[in-house]
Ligand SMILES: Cc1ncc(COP(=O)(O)O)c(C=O)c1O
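In structure tokens, one chain follows: the form predicted on its own.
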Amino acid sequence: MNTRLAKRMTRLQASPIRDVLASASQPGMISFAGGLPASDTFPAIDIGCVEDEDLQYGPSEGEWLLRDRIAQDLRQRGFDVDASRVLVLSGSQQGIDLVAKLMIERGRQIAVESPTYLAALQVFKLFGATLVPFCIDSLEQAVGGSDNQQALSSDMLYVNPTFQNPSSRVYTASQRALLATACDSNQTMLFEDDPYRELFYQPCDRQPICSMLERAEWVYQSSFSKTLAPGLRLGYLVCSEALYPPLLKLKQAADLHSNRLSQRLVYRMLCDEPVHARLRDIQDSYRSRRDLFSEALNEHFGALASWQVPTGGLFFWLKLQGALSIDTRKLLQPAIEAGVAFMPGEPFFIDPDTAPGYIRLNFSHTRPDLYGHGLATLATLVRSATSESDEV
């Protein structure tokens, strides 16, 4: 490596998801890998008349009309905010980058769920964070006292409590209240990532934990990628008052502002009267896909793994049976060669080498008529890899 590069570059790892998606884009590949929305859920976009103003530089905060519309939605979720506290992002991944720049220096303790969103792990590690595991179950059951205290004493706690990526887990109402109380009591800065909240298929609690905080600092972010189109690259964050000015400065330094044409399109779609009907159609479509995927999983993985049927989100999270708990990263290349892409579970953990035997499977992107063949192929590879491991 060029010795003139910043030392932090030695901590930068390639995104496993992006690497897998490059292979998954090959013709004929059955992909259960990335969290790609179904293409048939994308809205029909008529760009309409483009005004000169939309082609000019814009405000770093984002377009006022869009921010005001977002603030209206946030107030319905329990936030006491207006447009002046909303920052439009170039995708919620930018929010993770901005918050990491704001909060992390080498050696700072950042608490995360394990497993958690691996792109967040990638960014946090790049900036030199010391990652501390957090588990809502331990907090709820009042066990692991020292571990809980270390997590709550960290410089920041990052959580994805609604249809978590990768596990699709959703916190209960009591867990949300408990975590809010713990953050307030310990003055723990909470970073809540909430990109899947509208993709729910049965009743569950989705109240943002940040909306319940009274004393602790916080950042809450979400995205339009899952409900509109990821190619628009738009998300947003809202935060406690003191954090907004420095986050805005970081946004200015990063990209000046998010794409103005995308903001115009998103605003128009959010104000469209049928938007709620469209969301219901998406939920119905994904619910059907989820149920069909569950049936195919029962047929091909029933004796190989355990899982929970997700109440929302885009993923099934499989734990291979004890005797089958191989490093699933070793399955990836044979699977791709067999025409099936999936996401190994190990990279979602703080220490990937200590958590073998997990697989994340996306059910939204691949056509349902290909579920059976793809899962049968993957199940065969699991059995084969397990047999080879036993022989060794």
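One rule holds for the numbers: they count along the sequence shown, beginning at 1. None of these values were measured; they are calculated from a predicted model.
The next section is about a form of this same protein that is not shown, the form predicted in complex with the named molecule.
- Contact here is defined as any heavy atom lying within 4.5 Å of the named molecule in the predicted bound form, and by that definition not a single one of Thr181, Gln207 and Ser211 is a contact residue.
- The stretch among 127-135, 189-197, 247-255, 97-105 whose residues place heavy atoms within 4.5 Å of the named molecule in the predicted bound form is 189-197.
- Heavy atoms of Trp218 never reach within 4.5 Å of the named molecule in the predicted bound form, leaving it off the interface.
- Using a 4.5 Å cutoff between non-hydrogen atoms, His300 does not count as a contact of the named molecule in the predicted bound form.
- Taking non-hydrogen atoms only, Arg260 never approaches the named molecule to within 4.5 angstroms in the predicted bound form.
- In the predicted bound form, at least one heavy atom of Lys226 sits within 4.5 Å of the named molecule.
- Checking Gln122, Ser168, Asn160, Ser154 against the named molecule in the predicted bound form, a heavy atom within 4.5 Å turns up for just one residue: Asn160.
- For the stretch 243-270, the set of residues having any non-hydrogen atom within 4.5 angstroms of the named molecule in the predicted bound form is empty.
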